[in-house]
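In structure tokens, the next block holds one chain alone, the form predicted alone.
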Amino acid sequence: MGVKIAKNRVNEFLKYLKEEYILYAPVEENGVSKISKIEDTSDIINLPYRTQISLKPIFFPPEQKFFRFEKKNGGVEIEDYLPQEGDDKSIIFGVRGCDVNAIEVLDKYMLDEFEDPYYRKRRENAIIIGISCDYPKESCFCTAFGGMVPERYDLWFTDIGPHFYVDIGSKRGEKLIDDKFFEEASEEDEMRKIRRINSVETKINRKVKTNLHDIKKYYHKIKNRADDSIWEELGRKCVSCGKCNFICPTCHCFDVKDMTNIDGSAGERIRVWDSCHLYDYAKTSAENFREERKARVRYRIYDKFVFPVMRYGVYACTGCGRCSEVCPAGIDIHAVVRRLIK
């Protein structure tokens, strides 16, 4: 059995957490909703669904400085930008299931085969407090992959009227439960939570009508469509802008650059996001091995539904639908997948 918190106590609870943690929560800046560092809890916005920008930039920012160097006294001095222990002890409040699942996928790329210390520092010190969606956006299709609530979280809030029902998913989450904010939930409260989640997921299912739970089955179906005419069709539509990659909560491609002053006596090494849709991404000294747009479109779809299954046994898509929202050519990833698995 979980606990519950009155809605009018949530802001007070977040202020309490902010005394000990760096707090991140949904805000709106220049008309764009995103998860951002909170200085004043009055800046937090209440959304019925996910933010336009995902959780990814908190752990894997668009630009990451690795270190700076400077030539001094006949040698080179290096200053590492790796966060120190405890520097990024944080609470991330208000995220949705698709984004929590996306970070779980990103962990496989950033922590499994090789360990990115910059990502790890932020990730291991972050406590996730998620919220069930009140209703889906038009582009959402999270139920194709399992549902709205992720398997792993620290605390999970679900609207049950004047209160949020709170599921406790970890020992770290349990430590945040304070009697001055929370009270014991009843069986009826739990039933309200279940009905609320089922209601939203039913709305998504009616619209989506896609079930990708049998990963091996659908992975093989998509893999076997490598020569399908759909890629030629999508290649003609795609403008190779890279928006889908940059908005995606699991895309993880990057480039590393050394930025120096004019005489090379000082500089910084920086990692920046890259996009497999961009023409130069696959360009080598010998050739561009994905010169055609259709090849780049196919690679992106395969990098969500084929390659991660081969490597990790999971999809690298969680049904957030952001890529479909920002695509200037109107390419809908859900519609593409539905065609591929027919």
Partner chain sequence: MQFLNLEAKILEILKYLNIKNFRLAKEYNEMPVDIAFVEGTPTTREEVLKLLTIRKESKILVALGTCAVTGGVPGLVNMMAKKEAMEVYDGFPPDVPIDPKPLEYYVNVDYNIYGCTFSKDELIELITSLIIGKEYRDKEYSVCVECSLRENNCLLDDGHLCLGPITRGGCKALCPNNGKMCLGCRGPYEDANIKGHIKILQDMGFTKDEIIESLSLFSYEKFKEVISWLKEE
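Residue numbers count along the first chain shown, from 1. Because the structure is predicted, anything quoted here is derived from the model rather than measured.
There is also a form predicted together with its partner chain; it is not shown, and the following applies to it.
- Exactly one listed residue, out of 121, 221, 108, 243, brings a non-hydrogen atom to within 4.5 Å of its partner chain in the predicted complex: 243.
- This chain is drawn without its partner chain; in the predicted complex, the residue among 258, 151, 174, 228 with a heavy atom within 4.5 Å of it is 258.
- With its partner chain left out of view, the stretch that reaches within 4.5 Å of it through heavy atoms in the predicted complex is, among 98-106, 259-267, 198-206, 122-130, 259-267.
- For the candidate spot formed by 47, 300 and 334, no residue has a non-hydrogen atom within 4.5 angstroms of its partner chain in the predicted complex.
- Put simply, residue 215 is far from its partner chain in the predicted complex: not one heavy atom of it is within 4.5 Å.
- In the predicted complex, its partner chain sits within 4.5 Å of a heavy atom of residue 52.
- A residue is said to contact a partner when one of its heavy atoms sits within 4.5 Å of a partner heavy atom; residue 194 fails this definition for its partner chain in the predicted complex, lying far away.
- Its partner chain is not shown here, but in the predicted complex it comes within 4.5 Å of a heavy atom of residue 279.
- Heavy atoms closer than or equal to 4.5 Å to its partner chain in the predicted complex belong, across 93-131, to no residue whatsoever.
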